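For reference, the chain that follows is the form predicted on its own, supplied as structure tokens.
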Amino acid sequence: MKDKHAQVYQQEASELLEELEAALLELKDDSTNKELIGRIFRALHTIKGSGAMFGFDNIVSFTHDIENIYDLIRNNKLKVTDTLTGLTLDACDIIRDMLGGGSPDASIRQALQKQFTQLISGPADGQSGGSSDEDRHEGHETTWRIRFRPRQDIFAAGVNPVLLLAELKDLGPCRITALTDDIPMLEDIDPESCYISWDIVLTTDQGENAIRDVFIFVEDRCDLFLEVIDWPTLADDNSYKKLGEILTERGDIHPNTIQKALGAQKRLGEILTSEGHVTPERIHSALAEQEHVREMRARQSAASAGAATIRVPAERLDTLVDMVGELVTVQSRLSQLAERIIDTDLALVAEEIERLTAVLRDNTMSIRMLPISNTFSKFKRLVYDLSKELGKDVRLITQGGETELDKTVIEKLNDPLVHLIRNSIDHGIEAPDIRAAGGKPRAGMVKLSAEHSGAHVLIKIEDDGAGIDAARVRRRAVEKNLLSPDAVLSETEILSFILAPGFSLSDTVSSVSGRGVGMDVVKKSIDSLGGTIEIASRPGAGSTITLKLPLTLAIIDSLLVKTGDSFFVVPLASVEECVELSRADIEQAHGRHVITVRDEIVPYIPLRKSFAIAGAPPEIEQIIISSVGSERIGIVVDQVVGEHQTVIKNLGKFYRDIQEVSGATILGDGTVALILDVAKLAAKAEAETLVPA
């Protein structure tokens, strides 16, 4: 069995690769964006560093040169180019293959590494500029070791070193130690000379230039030494270097002297001081650095702990949702029992449990909700690769990435969106020359957006291409015997033929499209999610495909209705209103299944007839007015019981061909209620001429 820690690394590295690809594609349009460059470097650094911990040595060796290149870019020693971006994206594919246990072709890997190595060994002159460490550390809390040794005549220039140290403190937490070992005997002191130097340990996010700016007017009157001793990617724990290591690094003592001193029983600082190797001030300075870094790391750990997340296997989350669903059912049964038994104490307990169950349900469902931004970001690479393959220049714009959807919906949404984006680029976006001739920018645009709409989410795929020729769609539908030549249809109805199985406007079959299966797959996938598709087109200006999806597929608010002895559930999100249907209304319609609601004729479906339920209907029936796409339709039932928290249960394989029902739920008394799929119920009724066309 694979080491669980290695599995965690593989999962985290996969997420980092997605983030890396998204940043790389953004960098193509903004090659000087230091935040993006920093994100890329940190992702590469983490993939390499963690890979070394879990035995992925092939990833470590392959990633090393790439990391170095982006370090050079951060330091302004190399510029971002389209070639470099493309090479790095290719490298992402190889790393992903290695993560999955694959062995990428050695010649391809070596050729790629050679290209990266050439970039490192030969950056062009003039590409570097400014201070490199400013770019490297600015924006990240970094701990610096600073040695400030003024020249003795610094006072003569009117400089007060204490004011410089005070200014340094404004940059962040710091510890300052005065070194007094150069102060001469009293009789030899010149009161106008400076004999003191300072060791400073500073933690700041301002970068090296900000530190040097403090000393900018005394650079020629001091010795200034700066060195990074700690920053987030180096801090794996709260420990820090030992005292002897710090003194050796500073050049205050020789390593051999440290080894001799370690043979004694006294503490190292006491030994070195008593033997005259270093002064007490230097020991104090080294201890101050040690304590400062320890405190800063502890603070960073505490801050990160406050925003920590816990990884939970999806199966456990699904089990939790199932158990909450069972609790909702039991709570409903308890509420019904409390209504039958006149007991104040029982009623109070039932109300409290109902309140707690509602809170638990909402919190559990919120755990399943994920921002759609992660899904959107994956498509940037798809657009990049497809644009190269088709010889087009296409930009992907995303909007509303913070919109949240149930994780189950998001998982099933990936394939439909892939098909839609591929179609937009292949069929919609014109070639650059054609666009330019038509007065459009050479680069095409595909926009992916999401927004909440009640209990639904609207996802739109827009492009600024040629649009969809409705007349051509109609001709192709007639050719395929999907439509009679004299049929009168609206443009929306004509465009909906694109979703028919085997329908395609392409005259040739390519590796991208033309087989007539893409949009059929999209429709089936969206139907399985309880969603709808709407197609709109603007000739010469582009097209828009809108997906309307439910927020969740686990527990929904619904309307419980009854016809005969059977209970049904209608999703509340699709319910607009309820109206009565009397015998007079039926006679007035002369046998047609329509009713006038606020001066609008609304067709309706008698549920009793659709499901062949025996018995006579009551004198006054109820019509549930629902929205199906842009249309309104009614469902006639005997009785509206009321609102209901519906825990969706899938039907078994035996019932998989029943299109009008999307699932079932268990009521509080154990009765099973079927969940109606209003859209498919309407489609079946229209096919059977129950609803007038």
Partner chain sequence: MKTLIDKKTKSATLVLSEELTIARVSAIRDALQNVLEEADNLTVDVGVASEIDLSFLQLMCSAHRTGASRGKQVTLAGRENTVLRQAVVETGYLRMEGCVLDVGKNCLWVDKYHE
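Residue numbers count along the first chain shown, from 1. The structure displayed is predicted, hence computed values, not measured ones.
Beyond what is shown, the protein has a form predicted in complex with its partner chain; the following relates to that form.
K.L.:
Where does its partner chain sit in the predicted complex: which of 384-392, 463-471, 611-619, 277-285, heavy atoms within 4.5 Å?
P.N.:
Looking at the partner contacts, the answer comes out as 277-285.
K.L.:
Looking at A541, A106, I183, I367 here, can you tell me which has any non-hydrogen atom within 4.5 angstroms of its partner chain in the predicted complex?
P.N.:
That would be I183.
K.L.:
Using a 4.5 Å heavy atom cut-off, which residue among D82, D362, E339, E192 comes into contact with its partner chain in the predicted complex?
P.N.:
The residue from D82, D362, E339, E192 that makes the contact is E192.
K.L.:
Taking heavy atoms only, is F503 within 4.5 angstroms of its partner chain in the predicted complex?
P.N.:
Residue-level check for F503: no, no contact with its partner chain.
K.L.:
Is there a non-hydrogen atom of M323 within 4.5 angstroms of a non-hydrogen atom of its partner chain in the predicted complex?
P.N.:
No - in the predicted complex, heavy atoms of M323 and its partner chain never come within 4.5 Å of each other.
K.L.:
Any of the heavy atoms of V162 lying within 4.5 Å of its partner chain in the predicted complex?
P.N.:
V162: contacts its partner chain in the predicted complex.
K.L.:
Although the partner isn't part of this model, could you tell me whether R333 comes within 4.5 Å of its partner chain in the predicted complex, counting any heavy atom of the residue?
P.N.:
No - in the predicted complex, heavy atoms of R333 and its partner chain never come within 4.5 Å of each other.
K.L.:
Give, in sequence order, every residue of 153-178 that has a heavy atom within 4.5 Å of its partner chain in the predicted complex, or say none if there are no such residues.
P.N.:
Those in contact are F155, P161, V162, L165, K169, I176, T177, A178.
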